[in-house]
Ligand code: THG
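The form predicted alone is given below as one chain in structure tokens.
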């Protein structure tokens, strides 16, 4: 399971305060904590509190600050292609970059795929188009096929694409998680090599009381369906331990009595 840590986000108080003060220490600390917790990559998101006209510069600052303490991949998270481009340029080839993200709307799909191809980035494609979030497995698959086709059109291999079926809050749409699980299983059959499948896990439990429990149960269910990447909080130890255990039960890692410790040491 490829874990993208979600905590370098201006919506969190420590990172927001660091952005406001141009203090890199909270960014460094959160990057190091997430990596120690088992993150394979770090999501970089300026949040919505930063004025729009300043977000490109803030994205550059966050990426540069994060690159000071790690060479792990960075997920450049913003709907604006200009802000994403600013983040990729700030990485300056020091780390692998993942574009987070494009929708399936054709003009955005074409523009973001070209950026991915031009910069050697991977890319996350959302099951959203001009009609909004796709609500059925068939509609999600159609957008997924369109996304893979757009990637191949610019010479990007399907295994550089992460398809996100979009998991909605369970307290708003209780049927949605099962539709996502059905979609995950089918996404893997769209191409050879297969695309990666990713979810923004925290979306599932927004507004719910038992957030950690909901997240960890769904994550293990989705892994069994074929999920191989997740954007979540690696500081949630129970969530991470559930994920590590699922890796053993799915025969993705070798069992030992100290498999959790072994997994963490390998990171």
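Predicted, not measured: the structure shown is a model, and the values here were computed from it. Numbering follows the first chain given and starts at 1.
Heads up, the form predicted in complex with the named molecule isn't pictured, but that's what we're talking about next.
Trainee: Flag residue 11 as yes or no: does it have a non-hydrogen atom within 4.5 angstroms of any non-hydrogen atom of the named molecule in the model of the complex?
Mentor: Answer yes; at least one heavy atom of residue 11 falls within 4.5 Å of the named molecule in the model of the complex.
Trainee: Although the partner isn't part of this model, could you tell me whether residue 84 comes within 4.5 Å of the named molecule in the model of the complex, counting any heavy atom of the residue?
Mentor: So residue 84 does not count as contacting the named molecule.
Trainee: With a cut-off of 4.5 Å between heavy atoms, is residue 184 one of the residues that contacts the named molecule in the model of the complex?
Mentor: It does not: once the named molecule is placed as it appears in the model of the complex, residue 184 has no heavy atom within 4.5 Å of it.
Trainee: Since only the chain is shown here, I'm wondering whether residue 43 would be in contact with the named molecule in the model of the complex (any heavy atom pair within 4.5 Å).
Mentor: Within the cut-off, so yes.
Trainee: Which one of 180, 197, 126, 113 is close to the named molecule in the model of the complex, taking close to mean a heavy atom within 4.5 Å?
Mentor: Going through each option in turn, the one that passes is 126.
Trainee: With the named molecule left out of view, choose which of 239, 231, 27, 222 has a non-hydrogen atom within 4.5 angstroms of it in the model of the complex.
Mentor: When the named molecule is considered in the model of the complex, the option within 4.5 Å is 231.
Trainee: What stretch, of 46-54, 197-205, 29-37, 65-73, brings heavy atoms to within 4.5 Å of the named molecule in the model of the complex?
Mentor: The contacting stretch is 197-205.
Trainee: Of 81-108, which residues get within 4.5 Å of the named molecule in the model of the complex if you count heavy atoms?
Mentor: Result: 100 alone.
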